[in-house]
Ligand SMILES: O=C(O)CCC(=O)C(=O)O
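Just the one chain here, laid out as structure tokens, in the form predicted on its own.
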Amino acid sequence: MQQLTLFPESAPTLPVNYYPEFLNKEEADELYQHCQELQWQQNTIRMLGKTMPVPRLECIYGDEGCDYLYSKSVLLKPLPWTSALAQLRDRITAATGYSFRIVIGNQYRSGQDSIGWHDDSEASMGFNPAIASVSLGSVRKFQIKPIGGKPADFWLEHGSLLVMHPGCQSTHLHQVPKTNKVVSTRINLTFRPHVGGKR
């Protein structure tokens, strides 16, 4: 599996690895088409005392009972694994050594769909989780920064895999910012552990 470092050698060592061609184009295209059939929904989130639509579509698949609550206001209840998502999960586990019990899908329909600076440290994932992110469709900018530090930019390609290793969520923040450029749909599949549910 070909690997590229996410940042130049002059940058601090980060708990992140990037694999630009984890899926070949045919595999990525096929998975992208499969993802069109997933049960996407636009959830609402409560921030700064206001309720507003989440600026992207979401879905979740995984093991029974592995509910996922984020920002103390958005509760996602997993649907059963599809065959394609389960096969991808197993492939990522074989490549990384990490096990996953849910996958959260984010669909960025245009450059105005986004996710702001955050870490993924929800208690349901346990202590220092590893998170594996597969990107499909349009290339979007991904930014990551040490807490209190400066961000570095990267563009996640169709069929790529980004792995945030244990510890990353404790020390770094990441986001997919808005863009005024004309971009088509990007789908992001983030595979995550979970400490609850039925095994």
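Just so you know, these numbers come straight off a predicted model, no measurement behind them. One-based numbering along the sequence shown.
Quick note: we don't show the form predicted together with the named molecule, though the next part is all about it.
Proximity to the named molecule in the model of the complex, taken as heavy atoms within 4.5 Å, picks out 169-177 from the listed stretches 38-46, 25-33, 169-177, 145-153. With respect to the named molecule in the model of the complex, the three residues Asp67, Trp81 and Ser124 uniformly fall beyond 4.5 angstroms at the level of their nearest heavy atom. Shown alone here, His118 lies within 4.5 Å of the named molecule in the model of the complex, counting heavy atoms only.
Looking at Asn106, you'd find a heavy atom of it within 4.5 angstroms of the named molecule in the model of the complex. Taking the partner from elsewhere, Arg192 is found to have a heavy atom lying within 4.5 Å of the named molecule in the model of the complex.
Although the partner is absent here, Ser160 sits far enough away that none of its heavy atoms falls within 4.5 Å of the named molecule in the model of the complex.
Heavy atoms closer than or equal to 4.5 Å to the named molecule in the model of the complex belong, across 52-79, to no residue whatsoever.
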